[in-house]
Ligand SMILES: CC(C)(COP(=O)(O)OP(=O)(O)OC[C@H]1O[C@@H](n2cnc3c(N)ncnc32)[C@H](O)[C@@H]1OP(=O)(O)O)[C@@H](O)C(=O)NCCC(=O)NCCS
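The chain below stands alone and is given as structure tokens, in the form predicted on its own.
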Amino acid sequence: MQHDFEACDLTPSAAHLDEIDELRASIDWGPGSWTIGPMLRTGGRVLALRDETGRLAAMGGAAVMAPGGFICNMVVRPEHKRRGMGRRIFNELIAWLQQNGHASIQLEATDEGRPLYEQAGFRVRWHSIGSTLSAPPERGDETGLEVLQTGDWPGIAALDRQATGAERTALFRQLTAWEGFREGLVLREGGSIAGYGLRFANRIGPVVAASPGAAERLARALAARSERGTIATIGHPQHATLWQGLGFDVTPFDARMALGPDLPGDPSMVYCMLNGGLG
């Protein structure tokens, strides 16, 4: 069965975002539209295949985080699997990123998707972990912690580039306009921003800090303000002990994979991802 391959610009239509969440639900993934809109408004792209009824059969997205990119939301409806749909979308997204100068590409791979990514030349950087808050901690020393203000974004961007080698804060700024955003915190030390963290409804991340001490103060403050069941997608396993000490139950997640040259970041400074879809 042939399907029309089309680029779906989902930004103008809430109905398209509803389609995305319905497709994700077909493989038991939670809603993802809260990140799709911001991703598209900051230069990203979503490609989809529709079946003969016009319903989304498969999709995939690419976020632009200059000078790199991040592949996300690779979904194929169960009844349409093993027809090459995911491969077609994936190859097109990789080509689009590379043609636009984004040679360093990353993603979080499920076990099911990993063989496809390995065939394309992606390599495993580490095996990520996630966590869920079982018991919120007591508040600790919050000296230097402040609520994020508009004027803080340049300092946050500089710290984030040091950690990741990429420009991600345009996306984060878009996400802070979402109704599920709760607060952002920054930690100042010596007049400079030494860390920042964002908190959404039932989710913490990203948390980026210049030192373990700064990360612990930020993570504790965010966790203490959160409810049981809050998710923190930690990412690199070296940070498991920090989050476990704050009342989070740590579990295996996906594999962080990369294609092309590594960006000049310091992964040890990223104590929590935004989510698996956008790193």
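What you see is a predicted model, and the numbers here were worked out from it, not measured in a lab. Residue positions are given as counts along the sequence shown, with the first one as 1.
A second form of this protein, the form predicted in complex with this ligand, is not displayed here; the remarks below concern that form.
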Next on the checklist: Can you pick out, from R188, R173, K81, R203, the residue that has a heavy atom within 4.5 Å of this ligand in the predicted bound form?
Outcome noted: K81
Next on the checklist: Under a 4.5 angstroms heavy atom criterion, identify the one residue in Q119, S134, T150, T143 near this ligand in the predicted bound form.
Outcome noted: Q119
Checklist entry - Tell me which of 236-244, 23-31, 222-230, 39-47 has residues with heavy atoms within 4.5 angstroms of this ligand in the predicted bound form? => result 23-31
Next on the checklist: My question is simply whether T110 lines the interface with this ligand in the predicted bound form - judged by any non-hydrogen atom within 4.5 Å.
Outcome noted: yes
Next on the checklist: Under a 4.5 Å heavy atom criterion, is G86 part of the interface with this ligand in the predicted bound form?
Outcome noted: yes
Item to check | Proximity of G180 to this ligand in the predicted bound form, heavy atoms at 4.5 Å | outcome: no
Checklist entry - So, in the predicted bound form, is G101 in contact with this ligand at a 4.5 angstroms heavy atom limit? => result no
